[in-house]
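We give structure tokens for two forms of one protein chain below, kept apart as structure 1 and structure 2.
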Structure 1
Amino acid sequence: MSDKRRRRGRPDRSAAPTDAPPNYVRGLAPHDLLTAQQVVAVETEAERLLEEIGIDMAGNDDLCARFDAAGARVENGRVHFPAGLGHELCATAPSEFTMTARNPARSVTFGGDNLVFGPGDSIPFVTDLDEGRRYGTVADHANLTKLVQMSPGLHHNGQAVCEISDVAVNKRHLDLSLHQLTLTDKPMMGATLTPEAARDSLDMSRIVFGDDTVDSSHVMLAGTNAQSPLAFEARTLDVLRVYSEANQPSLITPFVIAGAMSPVTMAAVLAQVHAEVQAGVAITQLYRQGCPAVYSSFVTTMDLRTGAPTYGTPESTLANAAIPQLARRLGLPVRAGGHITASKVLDGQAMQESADACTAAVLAGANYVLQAAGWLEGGLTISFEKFVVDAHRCEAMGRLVQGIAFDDNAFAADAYREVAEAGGTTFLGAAHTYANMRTANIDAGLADTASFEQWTEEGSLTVAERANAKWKQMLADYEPPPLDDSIHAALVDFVTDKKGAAADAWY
């Protein structure tokens, strides 16, 4: 395992195939958006929120007692952190950790110089150009999980890439986990709806990974939200306890639409996020010191005329680009950004907002970008077409963070000599161009680069229409990653038993 307490530097990748790193590794230094004084101002205000207002722990007596013992002041289920306690409790969480995949070559590293992309998650509707918008089903979830497996730009699974409306709410996590453990061999997320669901998904991972691996590594990432402002729900705390005690990492995610769950101004958003994350990570450390946790965030704006959420706005971009810098101060892996939008379709708005919601956060040093493929309509719908366009853009972001190569080949001195000696004015035929043509640029993906005439001849397709053909081809090409038949059967038995043991609940 590679849990590490350090600020920078690269993990040992010797175990990974050198020709296909499982996640992207940054060559560019992270872009620090805030001045040193601004960082201190945010930290000071976060300390004030933690101390004066405190964090509502939903009356969880056991947890409150742990905080009391750690030095906090607890009043009416609200935990007030004296100055420095948040930092102190966060300090035992690792700055880097490995998410172990069932295919070891797919295990990814969170933190440090690493960049991991995951798909849309917790999305009720699906849409595609053929069938339009409808509630997600088991079949849709299987297809979307296959697309995760087939997308080089995506390194990690979501949990409910779409929700599965054709299964009872209290049994959905079983099918979701089954898909993540059978249809893909990339790292997985765990169920978080209830502590029971969390335990079920952990039990299912034991069938595949074995107890030793589950107990000694991190096989399941739990997505949990703070109940902003400055609170954690009782059920979230119970779920955090299950995963933390099992030494499985959690995302601590303030879900903030500025002006609703926080003040409307971004300095306040940052301070509140910084306070809430410290509290959440502290919770994980009180349940199990040294357990990994991610400084997560979901921050966006609203249209203040209507109250509707807005995405990719400059104000939310600024917040998302500042958050990685704040996380580095705590030495924690950080999630920020996403390919997110309010648009209902894969149009210009959708892709502009998605790009704007992602780029600055990635340049700023985000380690993990969830909601990076498929998202439409404020997260209510996942689009098969947008999924494949977004997933290719993840590849572009992966290339971006590598930065520019500087070596003798990159300066191409010989090419100038060759062109000059030939008396030419173009590098199109130069030996250097041929030698580098396969590696110089990433593949153009679904981008149309043809002439207007050729594009017209080919049907004047938009990128959405080209993407429609692409995801179908990917599903046609899909092959399940190898899994021992007996393990597969044991998983199916587990799901069947659990489903049989309880009545359906549709709440």
Structure 2
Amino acid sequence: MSDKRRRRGRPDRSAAPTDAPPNYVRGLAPHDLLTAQQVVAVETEAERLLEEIGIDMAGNDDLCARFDAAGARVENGRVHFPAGLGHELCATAPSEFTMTARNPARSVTFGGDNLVFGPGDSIPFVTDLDEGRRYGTVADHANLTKLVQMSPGLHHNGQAVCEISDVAVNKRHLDLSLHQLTLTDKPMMGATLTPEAARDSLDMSRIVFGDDTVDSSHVMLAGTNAQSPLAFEARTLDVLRVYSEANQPSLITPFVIAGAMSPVTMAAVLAQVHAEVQAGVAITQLYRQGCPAVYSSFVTTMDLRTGAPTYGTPESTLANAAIPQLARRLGLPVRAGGHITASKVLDGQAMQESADACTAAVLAGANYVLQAAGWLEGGLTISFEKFVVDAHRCEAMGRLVQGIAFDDNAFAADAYREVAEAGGTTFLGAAHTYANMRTANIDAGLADTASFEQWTEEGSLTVAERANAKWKQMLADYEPPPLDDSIHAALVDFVTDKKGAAADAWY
């Protein structure tokens, strides 16, 4: 890039790890989309689904026996919940819990007034302006994990910010967990491909945290999906058992594309999500009562002419806005929203769909927003440029939910007196302005606020071009968080031994 095309006077403001808050705490009251009558209608329909249709437990006899003992009716591997049982079983899951980070200052709280952002997750392709779209690699995942560490608006790791195509499928989780435990000191997610991979992730966390911390704290979040409609796969149930018995929290996520995995109407979607989440949380409680679980959802629509998934539509936005309200009725932390889009590039479509999908959930009171940075192409691709744009927007959303201060400093009485006594007409030189200039407004970051003439002189850079320079600078400035050499060596040895003990499987 020529000197003419470099931004001048815009120093990089990527925060060092110690500069970022552990998570945002909202001062803005959550918006309730549904009326009291509508909430009751959703709950009533969810209870009908649980009792009449039931939940397919994939032939898991042990789990079916546990549900039978808890008062459910089991028929041919399908669990039918009498009215009220789902709510009753969910009641033992905590309304708030803390995810312990390797750096205690990075530990985050799920539930209550807390808002936690996490990056894109489980995405097969990566793209950037220099190399274009390609399968993700170990190197790409390492770089994206470093960007998580360097982004103040992101508080939690994804498990696979991108998939890594250059490692066998049955061994990828080892590299993913190694990156989470060494390249960041923020809270982590655990492997969910198989129960064996889940146990490997837990074993690696024990190397870093020690047995006492793992046994007494929540160090790993498992991202699990219901197999909508109204079913759980055997593998998912096995993974849930591993994490629940270890007292590690799970996301219980109905993945719903309306019209495919649910009826097309949003009221039906909400009822189905509410039923499936209750069943999933109940599973965790039957394996270990009191284990944390997150009311999680991924709801979108589809183009009924083509069958293609659509994102950021008014219909799915309404669903995402309603889900936090339903979760509060169960007293559970809630995950909803995300900067999701069907666009293939960082353009107007990408940002409109992303903003609509994310903002509604955040304003409705979501505690955790996964898929908050980098998502393109319906989740098939993660973009380095969109990653930093989205991460900065997470900072903006965090500022928004903190609300407006109403203390003496905020009303600025001294500033009025100072300007009046000086006979002035502007507050630019007031002591109050100087005292608050660094905190009154969020840094514009990647937004361009220069005049047209200055913007032209400096190369007429688009937001994607500015973001390209930004992520490269962040990687250049990255420093790994401290980790004892012996712990790092033990992790590497664990990964090496595990990889050597099994043949590669490329399924």
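Here, residue number means position along structure 1's sequence, counting from 1. Since this is a predicted model, take the numbers as computed values, not measurements. Rigid core: the largest C-alpha set superposing within 1.5 Å between the two forms.
- Both panels show the same chain in isolation, but it is structure 1 that comes from the form predicted in complex with another copy of the chain.
- Summary of the rigid-body analysis between structures 1 and 2: the C-alpha atoms of residue 223 and residue 411 are best fitted by different parts' superpositions.
- 10 degrees is the angle through which the smaller rigid part turns against the larger between structures 1 and 2, based on C-alpha superpositions.
- Structural comparison between structures 1 and 2 after rigid-core fitting shows the C-alpha of residue 430 displaced 3.8 Å.
- After superposing on the rigid core, the C-alpha of residue 419 is displaced by 4.7 Å between structures 1 and 2.
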